[in-house]
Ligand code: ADP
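The form predicted alone is given below as one chain in structure tokens.
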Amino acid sequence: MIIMKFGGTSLGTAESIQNVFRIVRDRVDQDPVLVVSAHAGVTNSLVEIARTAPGGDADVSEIEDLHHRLLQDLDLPVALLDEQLGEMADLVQGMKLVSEASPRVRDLLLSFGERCSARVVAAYFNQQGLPAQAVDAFEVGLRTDSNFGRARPVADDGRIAKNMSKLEGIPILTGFLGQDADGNITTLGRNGSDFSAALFGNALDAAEIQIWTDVDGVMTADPRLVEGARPIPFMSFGEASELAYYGGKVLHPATILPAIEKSIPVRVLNTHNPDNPGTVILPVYDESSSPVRAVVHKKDIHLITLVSPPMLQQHGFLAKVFRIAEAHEVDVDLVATSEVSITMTADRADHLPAFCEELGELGEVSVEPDHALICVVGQGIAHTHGIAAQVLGTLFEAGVHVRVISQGAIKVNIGLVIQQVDLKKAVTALHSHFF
């Protein structure tokens, strides 16, 4: 069997949903299990409602109208989603009355996008004669902790496969959603439907996990930044993990982990061009073709420097720094250390003030916004002499000043921090050099 995850852009219109139906129908002999995101734009609208509802300024009519239009265009009963849309409207009204949107309530609100989408897709499949069943992921056993907004899954003990075996027709599962020990609905973070797909693939021992999106696979760079970016035919799990974490837009950073555990291939495909082979992510592959797979980037990076003479020859100092980062839920990307200073990068600006305030108890802290992180990713970097020299030389010729450089011992990537104003120039130069 295969897992087929369809993102919001693949489900944004009636025509898109009809296209998804044709894709699935042509692969029905592979025993597909679908994981779906909310329809395009719905999650963003729900995020905005969660922000404004406590102040009394929130309106769900646009979301209701969008779903009603989809149902009409697909010749489905307009009342199909009355239960879900009614619960959503009542929840928003409650948020207005109490002037509050707790993380728990916010996750509950965001869940309605996927819960509606799964029901629309399943209803259309049934209408077209392909038996299908909409299922909320938590109903078949996707359990998480209570870290609302960025919930982490609880290890599966076989319950998912057991529950899934009881379903009839093609399962249409909600992505992005789980449930904690107290029965509260949780979310896995934005773009977490990829993660859901991999978790289900792992639990069901899938032959392949397919991520259907709106591009022809994983690209050598962001095509919005680099005109010559092109699809990558194949890559390793290690490369894909680094690429996703350091700015690749196609995959959720955690997607690869459940697949790695059982060596399940992950294939990235284009819903609008289903005959394209896309990108296949494998445990191993032939590295001889090119040492570099892609040039990826993250914007809006903050450069944080801690200067503390007392850290000189003091064991446990870095542990203190990372305990503070953990307490404030700050994910550190790159770290560079000297005898009396530590430089880090982070992108969660909302958590940085409190983090830096506590960090200031250890020494003098400075924060520089408006930076970008670039990573040159490739399994072959470890075996090819002089890649770092080529990277730095290319950026020097392009007139780009490098603030921080990092290369791990496994040498799957070379990370650099530059000023954000130089981002397009830097990525274009590196892509031109390597591709």
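Owing to the predicted nature of the structure, the values given are computational and were not obtained by experimental measurement. Residues carry their position along the shown sequence, with the first being 1.
Form predicted together with this ligand: not shown, discussed below.
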Task: One stretch from 122-130, 216-224, 300-308, 201-209 that, in the model of the complex, holds residues within 4.5 Å of this ligand by heavy atom - done: 216-224
Task: Proximity to this ligand in the model of the complex, single hit among T343, N191, N270, N184 (heavy atom within 4.5 Å) - done: N191
Open item on the list: So this ligand isn't shown here. In the model of the complex, which residue out of L334, V92, L71, V250 has a non-hydrogen atom within 4.5 Å of it?
Closed with: V250
Open item on the list: Taking this ligand as it sits in the model of the complex, is T9 near enough to touch it, meaning that at least one heavy atom pair lies within 4.5 angstroms?
Closed with: yes
Open item on the list: Heavy atom within 4.5 Å of this ligand in the model of the complex: which residues of 421-435 meet that condition, in order?
Closed with: none
